[in-house]
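We begin with a single chain expressed as structure tokens, specifically the form predicted on its own.
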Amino acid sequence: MKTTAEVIIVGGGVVGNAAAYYLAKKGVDVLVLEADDSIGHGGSSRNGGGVRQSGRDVRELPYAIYGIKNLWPTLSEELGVDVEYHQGGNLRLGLEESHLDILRGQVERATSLGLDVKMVDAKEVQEICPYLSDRIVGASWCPTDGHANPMKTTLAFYKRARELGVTFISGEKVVELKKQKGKIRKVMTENGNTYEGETVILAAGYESRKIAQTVGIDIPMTPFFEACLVTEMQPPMFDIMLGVATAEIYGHQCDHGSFVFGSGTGLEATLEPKLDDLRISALDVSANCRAIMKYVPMLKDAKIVRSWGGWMDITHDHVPVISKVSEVPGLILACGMSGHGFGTGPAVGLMLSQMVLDEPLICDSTPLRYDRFKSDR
């Protein structure tokens, strides 16, 4: 079994797989360790598939914009798999004036960085998508946002990385990192195995916090459970991505006609974090359905054919950590994606490869540093 590599990536989700692909493309020897028995078992394949720029924190926007301009449009051809990417636009909807205030703030911040996004009134919302509720009083509209298939995308990066020589070992849960002569060197697993590399990329979702603590680094994160559901196939209605100002639901219609929506109950912060428990409760599904019907009443009679859920890693400020670690040379963090990991996954993977090779980054990563969190006391 292979136990050494130039770069060891902890986590076989979309971020880890994308980083592995972009590194292998540049001739780097890479080993990926995945805790679960299957690749992409975590949040990377358990989300609603949004590929958006609108509604993002300004610290995320530069690489989100880069990915949508430069990576997503040709990703299917590059990876040799149809990732079902559609750039049909994104409506973020509001039902009352307070919702529009939220959206106006997001639009103002995004346009200051050059994003093509604007506010539209109720009439324009209906012109863009006549299937929505007439209760909607306005929305933000970003024509360059879209959606893709999370599982296909995650596994496409995995497939292509393997073809380029990357070694993936699943069922290998990392529990500890060790330094040697002041630099990262060893990765220890629950199975008692030790792997060695010059660089370690930690991209293991919420588990990254505990792993990073073994070398004295803490990232303020909490786990958050999100549920998704799929409806039975419907007649073609629209190709846009839907979001809402209150962030209670988001979703789109798939190529085959089903709708996929992500949501929650509002009780997620009260849940005990049992990260291996992915069961969906009746509360999750019913809350999701009630929220959907407020915005897309035409789906009120649609049958639910499948539901699933997954754990997200939410940072204290809801912005990812993508950063080298000064105290531990050779360690790079890519965690705390805060529910945004899929849509920005290709861009983050590319950034990580650039960090490893000390190449110029696609954007300034200073606002994403791990040590930005400070006590206010």
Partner chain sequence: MVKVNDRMRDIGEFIPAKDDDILICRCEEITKGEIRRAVHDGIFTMEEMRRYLRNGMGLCQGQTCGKLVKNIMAKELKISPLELEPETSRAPMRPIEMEIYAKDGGNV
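Model, not experiment: these values are computed from the prediction. Residue numbers count along the first chain shown, from 1.
The form predicted in complex with its partner chain exists for this protein as well; it is not shown, and the discussion that follows is about that form.
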Exactly one of T222, T167, S133, T246 comes within 4.5 Å of its partner chain in the model of the complex through a heavy atom, and that residue is T167
Name the residue from T74, T214, Q180, N191 that puts a heavy atom within 4.5 Å of its partner chain in the model of the complex.
N191
Give a yes or no on whether each residue among I68, R209 and Q354 has a heavy atom within 4.5 Å of its partner chain in the model of the complex.
no
When its partner chain is placed as it is in the model of the complex, which of 115-123, 300-308, 137-145, 88-96 ends up with heavy atoms within 4.5 Å of it?
300-308
So, H41 and its partner chain: in the model of the complex, are they within 4.5 Å at any heavy atom pair?
yes
When the contact criterion is heavy atoms within 4.5 Å, does K152 count as touching its partner chain in the model of the complex?
yes
Might D36 be said to contact its partner chain in the model of the complex, defining contact as any heavy atom within 4.5 Å?
yes
Do V285 and its partner chain come within 4.5 Å of each other in the model of the complex, heavy atoms counted?
yes
Residues in 15-29 that come within 4.5 Å of its partner chain in the model of the complex by at least one heavy atom, in order, are none
